[in-house]
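Here's a solo chain for you in C-alpha cells, the form predicted on its own.
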Amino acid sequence: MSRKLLLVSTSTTHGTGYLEHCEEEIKNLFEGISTVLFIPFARPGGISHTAYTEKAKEAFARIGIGLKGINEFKDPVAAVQQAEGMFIGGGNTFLLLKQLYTQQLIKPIQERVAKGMPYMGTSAGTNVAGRSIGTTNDMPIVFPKTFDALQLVPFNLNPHYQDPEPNSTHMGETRQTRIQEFHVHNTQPVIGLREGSMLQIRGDKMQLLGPHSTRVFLQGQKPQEFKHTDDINFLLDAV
C-alpha cells in the first residue's frame, strides 16, 4: 500500500499558532505538491466553511503551499478525485463524518489515499482516518449514518489524549476509563495521541513524532506506553 498519512492530535499547541508545531512534517508530507484540498466540514466553534478555509490557507501560505477548500468546488467528488493532497481539519467529528457521507466522499477519499495521495488530519480529521469514530471526545451534535470512518488505518484514535491528574478532585471518568469502556464492545486497538504528537505513516511503516510518548490500548490488556524509538508497526496489522 502506498499510503502517505500525517495524523496530528491537535492543530494548535500551547504557545504556538495554528499548525505551527507541525510545519516541518506538513512540508515533508506535501513535498512537491502545489495545492492541497482542504475539507472544513468539522467547523470548530461553528464557524463557516469559508472562514475555516481562510484560516487554513494562511497557515499553508507560511510554508509555501497553496490550499483550496472543497466548498470552493461545484463537484466535491471530482475535487477529491483530482486532488494532489488532502487536509481535513478539526472540529466536531460527528458533523464531519455526517458531511463526508452526505456528500458521498468516503469511497473517493479511500481510493485516492490507497493510490498514494497524501492525507493529513488534525483532531477530528485524525479521528475519521481510523476504523470508527467511537473514541472521539466530541459531543454527538448530529447523527452520521454510521460510526464507520475512512478506515485508512486499522485502529481507532483518541486525539487530545489526557492522562489522569493524580491530585485532581474531579470524580468523572478519565480518557483511559472511556477507552476501556469502548473495548468492552469493540476489538480494534486505540492510540491515545497527546497534544503535539502525531503519527507519520508511509505504506506499512508508522512512526510516532512530536514531544510525547503515546498510549496504546489493546482489548483485554493493560495500556502500554510507546516512545518515538519503539516499533509500533504491529498496529498497522490489526484486524
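Being a predicted model, the structure only gives us computed values, none of them experimental. Just count from 1 along the sequence shown to find any residue number.
Quick note: we don't show the form predicted in complex with another copy of the chain, though the next part is all about it.
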{"item": "Interface membership of residue 137, another copy of the chain in the predicted complex, 4.5 Å heavy atom rule", "value": "yes"}
{"item": "Exercise: residue 143 in contact with another copy of the chain in the predicted complex, heavy atom 4.5 Å", "value": "yes"}
{"item": "Contact label in the predicted complex: residue 80 to another copy of the chain, heavy atom within 4.5 Å", "value": "no"}
{"item": "Residue 211, heavy atom within 4.5 angstroms of another copy of the chain in the predicted complex", "value": "no"}
{"item": "Candidate stretches 55-63, 25-33, 177-185, 202-210, one within 4.5 Å of another copy of the chain in the predicted complex by heavy atom", "value": "177-185"}
{"item": "Contact residue in the predicted complex, from 153, 100, 109, 133 (heavy atom within 4.5 Å of another copy of the chain)", "value": "133"}
{"item": "Non-hydrogen atom within 4.5 angstroms of another copy of the chain in the predicted complex for each of 7, 72 and 122", "value": "no"}
{"item": "Another copy of the chain in the predicted complex - contacting residues of 193-216, heavy atom within 4.5 Å", "value": "195"}
